[in-house]
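Just the one chain here, the form predicted alone, laid out as structure tokens.
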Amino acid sequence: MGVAVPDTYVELADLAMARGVAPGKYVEGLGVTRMGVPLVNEDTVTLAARAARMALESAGCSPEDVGLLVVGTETAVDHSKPVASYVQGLLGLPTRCRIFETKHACYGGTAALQMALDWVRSGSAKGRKALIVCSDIARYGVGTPGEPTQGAGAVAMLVSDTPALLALEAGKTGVYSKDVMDFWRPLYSKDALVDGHYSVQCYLDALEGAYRAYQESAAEPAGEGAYSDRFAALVYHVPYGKMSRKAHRHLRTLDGDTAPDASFDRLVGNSLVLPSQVGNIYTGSMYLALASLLSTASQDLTGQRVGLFSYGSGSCAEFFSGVVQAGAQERVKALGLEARLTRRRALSIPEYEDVMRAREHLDERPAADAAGSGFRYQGTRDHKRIYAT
């Protein structure tokens, strides 16, 4: 895996006070303490490239070994050219590599992952690896009800027939989809629109449908206790931390648990450590929660099954599972994700609002040298996006 987040963030307590709201409504009410805010030299492409490079380097994988690159995103930078093409160029991936972009709200990354799994299992990979990247910038606008549920980041996963972190179980997956209008972003708008209460219900309905479908596909004999106790941990799609609590309560109630909150810290708590400091990253939210679980859990998860639930508005959802591999936790801890978060810089509220205003015109900004190192968005020249490495 690889993870990238902006170098700057906003404290939700500061944002709450600036908006005349009690800090607890944002912090405890949402289960988020900080939200990542990208500066004008960061976008979906640079975040994706940074996460992908970390995944390749941590696995000791050469770009030449990658035969499939898919980027799942709902904040693309072009109506035609995929984010994957820019990432291919920035990373120097080979020309004999299938590349494209997937979109289905927050489910787009999981759609890409499932396609990659089929590609590997079918033998089409022929020993090569798939690079799956979930990259997004969640934006709702200054002063809007959705403002405290913003965030930005990317998670990259290298998929092969010799997994080092998680062996995803073939055939054990449950899907649920339904045409709903709970969250959308019209072509004329940079900001997303959401029917908040309805979207929560759509999420819970999809969780129930996908979970029931998973149980049928797994076809395992009945056992004592709650079915979800067959998992050492549960990782939910996390637009904000409180949604995971609602999801877990609903799932355990489906299992007949009369005290559904009692198992929350045990099964879910570790997965929320990193997301609570980054905010909503759409397609990558569940995978950041998975990274959080592997990075912060104190118990040895080797050989244990983890349940994963992915949801994308509109809607499509999937519940699937994987088995933690030996050494996985040490590998993810070696990425130093918690330390990377502590090195970020806090923005004051006036600085944050200036950044948001500047990002309104990001796509038309004339290209100029962008200070710093690593992948950076420099602006546009002749209607073409320019990046520095």
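Counting begins at 1, following the sequence as shown. Quantities reported herein were computed from a predicted structural model and do not represent experimental measurements.
The next section is about a form of this same protein that is not shown, the form predicted in complex with acetoacetyl-coenzyme A (CAA).
Placed ligand check: acetoacetyl-coenzyme A (CAA) in the model of the complex, overlay by site C-alphas, backbone/C-beta within 2.4 Å:
With acetoacetyl-coenzyme A (CAA) superposed from its pose in the model of the complex, the site reads as open.
Of the listed stretches (142-150, 95-103, 255-263, 165-173), which one has a non-hydrogen atom within 4.5 Å of acetoacetyl-coenzyme A (CAA) in the model of the complex?
Going through the listed ranges, the match is 142-150.
Is there a heavy atom of residue 29 no more than 4.5 Å from a heavy atom of acetoacetyl-coenzyme A (CAA) in the model of the complex?
Yes, residue 29 lies within 4.5 Å of acetoacetyl-coenzyme A (CAA) in the model of the complex.
Is there any non-hydrogen atom of residue 315 lying within 4.5 Å of acetoacetyl-coenzyme A (CAA) in the model of the complex?
Heavy-atom contact with acetoacetyl-coenzyme A (CAA) at 4.5 Å: absent for residue 315.
How about residue 282 - does it come within 4.5 Å of acetoacetyl-coenzyme A (CAA) in the model of the complex, if we only consider non-hydrogen atoms?
Residue 282: contacts acetoacetyl-coenzyme A (CAA) in the model of the complex.
With the cut-off set at 4.5 Å between non-hydrogen atoms, does residue 197 touch acetoacetyl-coenzyme A (CAA) in the model of the complex?
Yes, residue 197 lies within 4.5 Å of acetoacetyl-coenzyme A (CAA) in the model of the complex.
Every residue of 22, 25 and 237 near acetoacetyl-coenzyme A (CAA) in the model of the complex, heavy atom within 4.5 Å:
Every residue of the spot touches acetoacetyl-coenzyme A (CAA) in the model of the complex.
Can you work out which of 212, 121, 81, 246 has a heavy atom no more than 4.5 Å from acetoacetyl-coenzyme A (CAA) in the model of the complex?
Going through each option in turn, the one that passes is 246.
One residue of 190, 242, 178, 230 in contact with acetoacetyl-coenzyme A (CAA), assessed in the model of the complex (non-hydrogen atom, 4.5 angstroms)
None of the others qualify; the residue that does is 242.
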